[in-house]
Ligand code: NAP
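In structure tokens, the next block holds one chain alone, the form predicted alone.
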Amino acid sequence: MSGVGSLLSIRGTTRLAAVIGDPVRHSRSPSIHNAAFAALGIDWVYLAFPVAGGQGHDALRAMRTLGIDGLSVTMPLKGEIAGAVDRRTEAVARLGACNCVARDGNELVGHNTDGGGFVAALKSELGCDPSGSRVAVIGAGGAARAIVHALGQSGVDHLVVVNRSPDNAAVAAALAPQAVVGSLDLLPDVDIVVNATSIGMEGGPPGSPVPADLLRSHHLVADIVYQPLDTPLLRDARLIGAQTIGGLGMLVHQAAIAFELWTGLAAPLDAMSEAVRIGLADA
């Protein structure tokens, strides 16, 4: 019997992946990945390990020693792990942040799947290829920088980074040759508007990062917030007829990229999405 549908299926041959960070017990990753393993009937299990800042090197040594086949990395370890892996992808080298470690032979390779997950969600869920588009990204934190980098590589025509701190916006804009620092009043002229801040998140700053009168019906409005699934920004956008996508897509697709790096198998996206929806409904 393979898979991880019950404790009885876990045995000496079961392969292990995990998420590390602090805090980490709240992570949605175990439910997402264990649902994927079960859907494909493969002998894997995924756990959460609290690892404090400063212990990233120890975690990688444990990964190597214990034969752990994949790691997801969350705060505060993304920068630390980026500097500790054997090899880094170009995205990790540019961003200075690693959220996924995969094995390549004897090497532990650092990846960043956030930006790729965002672009994949646009393509898979909306049929939207951002190449040639004009995009505004609101925010300049880790997720925003990963999205700016990925959009730059995807061939967008023009990219505006909007942030309260111009200095932080400039750091993010430097990650894509098409990107410049701008302001909210430029939003009516773009095709895609991305909220990459925590505004509208449950427990975060309330409201929308975009005044409703700056939204247009031709916009595709993306919000990386996934709790709640429906945010004030998305509601405002739908009211004027804009196309929208919430943060669930990015969450699932970035996990799917990691899953495929670890297992070499196509990720079961439907099972992964359903696991998140159930988890959020039960929260």
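Note that residue numbering follows the sequence shown and begins at 1. These numbers come from a predicted model, not from an experiment.
As for the form predicted in complex with this ligand, it is not shown, yet the points below apply to it.
The partner is absent here, but in the model of the complex a heavy atom of Asn168, alone among Gln178, Gln153, Thr89, Asn168, sits within 4.5 Å of this ligand.
Proximity to this ligand in the model of the complex, defined as a heavy atom within 4.5 Å, singles out one entry of Ala82, Leu122, Ala140, Ile192, which is Ala140. Although the partner is absent here, Ala144 sits close enough that one of its heavy atoms falls within 4.5 Å of this ligand in the model of the complex.
Using a 4.5 angstroms threshold between heavy atoms, Asn163 counts as touching this ligand in the model of the complex.
Using a 4.5 angstroms limit between non-hydrogen atoms, Val225 touches this ligand in the model of the complex. When this ligand is considered in the model of the complex, Ala196 lines it closely, a heavy atom lying within 4.5 Å.
With the partner omitted here, the stretch from 128-136, 181-189, 89-97, 200-208 that lies within 4.5 Å of this ligand by heavy atoms in the model of the complex is 200-208.
Contacts to this ligand in the model of the complex (heavy atom within 4.5 Å) from stretch 231-252: Gly247, Met250, Leu251.
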